[in-house]
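Have a look below at one chain only, the form predicted alone, in structure tokens format.
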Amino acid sequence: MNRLKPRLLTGDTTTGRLHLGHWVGSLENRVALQKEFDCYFIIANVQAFTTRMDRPGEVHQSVIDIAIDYLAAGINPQISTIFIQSEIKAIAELTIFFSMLVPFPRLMRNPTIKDEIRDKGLGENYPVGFLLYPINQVADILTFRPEIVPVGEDQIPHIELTREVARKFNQLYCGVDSHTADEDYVAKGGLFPIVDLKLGRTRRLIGTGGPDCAGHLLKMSKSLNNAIFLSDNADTIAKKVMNMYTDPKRLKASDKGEIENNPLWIFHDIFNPDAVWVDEAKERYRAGKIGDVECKKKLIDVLVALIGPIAARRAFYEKDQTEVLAILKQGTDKANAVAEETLKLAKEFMQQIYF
């Protein structure tokens, strides 16, 4: 592959607007890496149907919302490619081919599958497509033959499956020796790079609410109503932060407070650039010399400064969704050209070109 820049691929399933967990998990990395990499950002609407097949209108609107969030966050459509998964037919075909390379027991060992079945209360009432979506996600990635995939911690199992499928395809159909180092697969004749992942600066952002019944803090999620969205205005941010779970044993400002597993201080550690203030305030908090309200007001200022410009740009794009659709159309056309090339090459290696 003769490219001017290495390629990057990542994206989001259309399950709603993006929040701070998406920002620190992957989105800020995407914005920062745009000039260094040839970036492709997939809006994965097909995967949304695994649990929302009865709400197609929501999925449709979420495609637009996520595209707007991308643009508002700083994704530049002049240098990066934003596209819609369902419009890339090659992904569906490669999903079927790749599914032949993944044993069913291996698929069921994916911890993300188990976590989602549990967290969403699916029991045994999930469609076959739900089990297929990790392979569909492999196809999302390999269709574009990227070198790097920025993801959050919960996506690590999917990246490992992607690497396994790429190795197996390259060995089985391209004749690459199984002892080849991952970084040498393409140089040795393989079609698919063995992708590297890039994690965000925090592996999993907890939400604003309290712990579950086992005492574990829950990750930020729209479905758990514990998220601060990139599109929230200052008043909404303030309300959510003021209602944030802190130390339940601390009844007044003069009480000594716990820092560990306290969402208030987890957020300050992640988002507050004034490390000196954070360290000093932690000591005062432990000693009962500073109240939750003062610390929350400081956090509100920090988050408003971060999200304010993003929300303002989002409002601009919301006023002209015709422009957003034009950006998606342009990006999808470009992505289709790459995807069709990959599919053709894959079928050639598999000896499945007939006409």
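Owing to the predicted nature of the structure, the values given are computational and were not obtained by experimental measurement. All residue numbers refer to positions in the sequence shown, first residue = 1.
Quick note: we don't show the form predicted in complex with a small molecule, though the next part is all about it.
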property	result
Segment assignment from 37 to 45, 285 to 293, 307 to 315, 55 to 63: heavy atom within 4.5 Å of the small molecule in the model of the complex	37 to 45
4.5 Å heavy atom contact, Q155 to the small molecule in the model of the complex	yes
Interface membership of L9, the small molecule in the model of the complex, 4.5 Å heavy atom rule	yes
Non-hydrogen atom contact N262 with the small molecule in the model of the complex at 4.5 angstroms	no
Residue contact check: T332 to the small molecule in the model of the complex, 4.5 Å heavy atom	no
Residue among I194, I84, A90, V151 with a heavy atom within 4.5 Å of the small molecule in the model of the complex	V151
Sole residue of I141, A227, I237, I135 within 4.5 Å of the small molecule in the model of the complex, by heavy atom	I141
